[in-house]
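We begin with a single chain expressed as structure tokens, specifically the form predicted on its own.
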């Protein structure tokens, strides 16, 4: 900034005094001199960075909670179920299940030879039909199997050894030679496999019992009562012996009144049933 010479300031004072009569010592140029001699102070710089955030307004006081309705208040004030009662309720479905089973009649389950035979017959159903109605193999139902094998021993023997063994042995008649409508001969309806060794002897007996009594219709309380009791009942001593390891081929040795099955094919026997 440029400084004003003192003589010019004096001259200015005198001129002002002549014109206005004012005190030259208190005129404005003196102030100018003073201000000129003193350097100007710059204004404070504004602080850098973001402007300070305004204070958040004070949160309003939340309104008081609404009182519970009549239903809710009753629910909250009800008595809680004690722990011992909860344990009892948890067991209620089991008690209900046991009660229903106790008052519901259970289906009678087959057991013994017929039950075993029902499981084993699935192998035979492909040829003889699921209900013994026949197919590739001969029919069992409606008494047809009983016409061919009036004696269970002959049927057991044929199922044990099958068509192949009969053909090799030269035995053609495996059933009743006096069969109504003529005897069935080995190989007439294809090859009957032999099951000896493929299944146990007691399973083989079960299959034959199933074919005779469940499919064939043999009367377990009539003409075939004695046979049924001896071979196919749940109390059958022969079946129990076979379960214990005895062999069908030699079972005649420990039981009287039965036809020898033997260890190979043999001709079928005439009917021996009474009545």
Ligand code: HEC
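Residue numbers count along the first chain shown, from 1. This is a predicted model, so every value here is computed, not measured.
This protein has a second form, the form predicted in complex with the ligand, left out of what is shown; the following refers to that one.
- Are any of the heavy atoms in residue 185 no more than 4.5 Å from a heavy atom of the ligand in the model of the complex? Flag for residue 185 set to yes.
- Find out whether any non-hydrogen atom of residue 173 is located within 4.5 angstroms of the ligand in the model of the complex, and reply yes or no. Residue 173: no, not in contact with the ligand in the model of the complex.
- Mark residue 202 yes when one of its heavy atoms lies within 4.5 Å of a heavy atom of the ligand in the model of the complex, and no otherwise. No.
- Query: Is there a heavy atom of residue 136 lying 4.5 Å or less from a heavy atom of the ligand in the model of the complex?
  - Reply: Close contact exists here: in the model of the complex, residue 136 approaches the ligand to within 4.5 Å, heavy atoms only.
- Taking the ligand in the model of the complex as the reference, which of 197, 190, 181, 130 has a non-hydrogen atom within 4.5 Å? Of the candidates 197, 190, 181, 130, 190 is the one lying within 4.5 Å of the ligand in the model of the complex.
- Task: Consider the chain as shown here, without its partner, and state which of 165, 116, 159, 152 has a heavy atom within 4.5 Å of the ligand in the model of the complex.
- Result: Partner contact (heavy atom, 4.5 Å) among the options: 159.
- Which residues, if any, of 246 to 269 lie within 4.5 Å of the ligand in the model of the complex when only heavy atoms count? The stretch does not touch the partner at all.
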